[in-house]
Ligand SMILES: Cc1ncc(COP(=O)(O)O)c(C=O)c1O
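Only one chain is given next, in structure tokens, and it is the form predicted on its own.
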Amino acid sequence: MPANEFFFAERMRNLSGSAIRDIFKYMGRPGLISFAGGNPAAFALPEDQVADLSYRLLREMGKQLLQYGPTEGYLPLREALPAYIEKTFGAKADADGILITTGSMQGLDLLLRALVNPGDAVLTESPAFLGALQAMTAAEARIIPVRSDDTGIDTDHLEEMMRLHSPKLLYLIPTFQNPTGRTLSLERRKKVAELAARYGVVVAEDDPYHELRYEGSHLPSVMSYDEQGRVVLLGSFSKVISPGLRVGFMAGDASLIRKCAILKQCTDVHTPNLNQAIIHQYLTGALLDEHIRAILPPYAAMMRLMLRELENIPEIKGFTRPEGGLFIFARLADGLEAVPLFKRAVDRGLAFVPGEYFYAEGGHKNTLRLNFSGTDPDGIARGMEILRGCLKDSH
């Protein structure tokens, strides 16, 4: 057998690299404006504060933090999370039902491995977060898309899909959804919890953008309406403190969380102790609230600027109007496609993500996802001018 020939597992057959990660190969081009990623803005990364916390923590308890830690997570952080979850998401949680994860995506991966056999049905809103679709594909799940509209996942269609497919899991992002920026209405949050209980489906409620609200009022989580332990809340500090620290959590039924902890043992043993201790410091002082208050106004201004610019592009026939988060989803005029548009835009110095990649069922070639946190206000204005020019030339 040639040295570079391998017999890959069947699960690799339909698994390809992230389209978004592939787009990152263009990011090194000098002067490229990015509407493509989902990264926090540079001003939202508190490097000096994290440096000071790291120094102090290592001086005071370095031997402990540099040693192996429990798979379930750094105990002070786990004990601090129930109060944070209740305050932020309106849900009750217990430390025994919390597992610290290396980002919230690890929580989804653990749930898929704990619950889903090859060929089992998994439901997801459509369009859906591309990373979640990849994780489902890697788990060899049968992905069933559920329609969504301006108020989130369509609960009538959701019930129909639950009845037809007997799914093991439902995945959704209820607040400022990736890629659309939409928020699931209060009535539908209650309905999702009710349907999960009725049909015995576990809900993976991924809510990393919850605190990035610029308008309107915070809504309680789907988990807050869960009376049977069917909802697992996946949380993350990537968007509000730092994605590089890779600290998230999953909270839910203690017996399910214990199974996920066993799986995590054979994945990465535990999330880095120092990183967890840094997050603990943010939660137990006023640091997190202060940091969020500081970053919301500039984020809001950037989002509103992009929305205003979109209104002046005739070839864009519709777009979402989020109240927070990091994304806007746009629809081009019939007959226009986002992939050729992307190629023209990159040549002129702009990157975004074609929307078709977020649809498990395919199609929707005239959609695109725009992120406003990857540049500054001047970059948003210049990038929208490039987009306007590319669309004008497409006639």
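In case it trips you up, residue 1 is the first one in the sequence shown, and so on. Here the structure is a predicted model, which is why all the values come from computation and not from measurement.
If you look for the form predicted together with this ligand, you will not find it shown, but the lines that follow are about it.
Per the 4.5 Å heavy atom criterion, this ligand in the predicted complex is contacted by stretch 201 to 209, the sole one of 201 to 209, 277 to 285, 81 to 89, 111 to 119. Residues Met302, Arg308 and Arg321 are none of them found to lie within 4.5 Å of this ligand in the predicted complex, as judged by heavy atom distances. Between this ligand and the residues Ala251, Ile173, Ile153, Leu170, the one pair within 4.5 Å by heavy atoms in the predicted complex involves Ile173. With the partner removed from view, the residue among Pro145, Pro272, Gly97, Gly103 that has a non-hydrogen atom within 4.5 Å of this ligand in the predicted complex turns out to be Gly103. The shortest heavy atom separation between Ser221 and this ligand in the predicted complex exceeds 4.5 Å. Contact annotation for Phe129: at least one heavy atom lies within 4.5 Å of this ligand in the predicted complex. The closest non-hydrogen atom of Lys239 lies within 4.5 Å of this ligand in the predicted complex. Proximity of Arg246 to this ligand in the predicted complex: non-hydrogen atoms within 4.5 Å are present.
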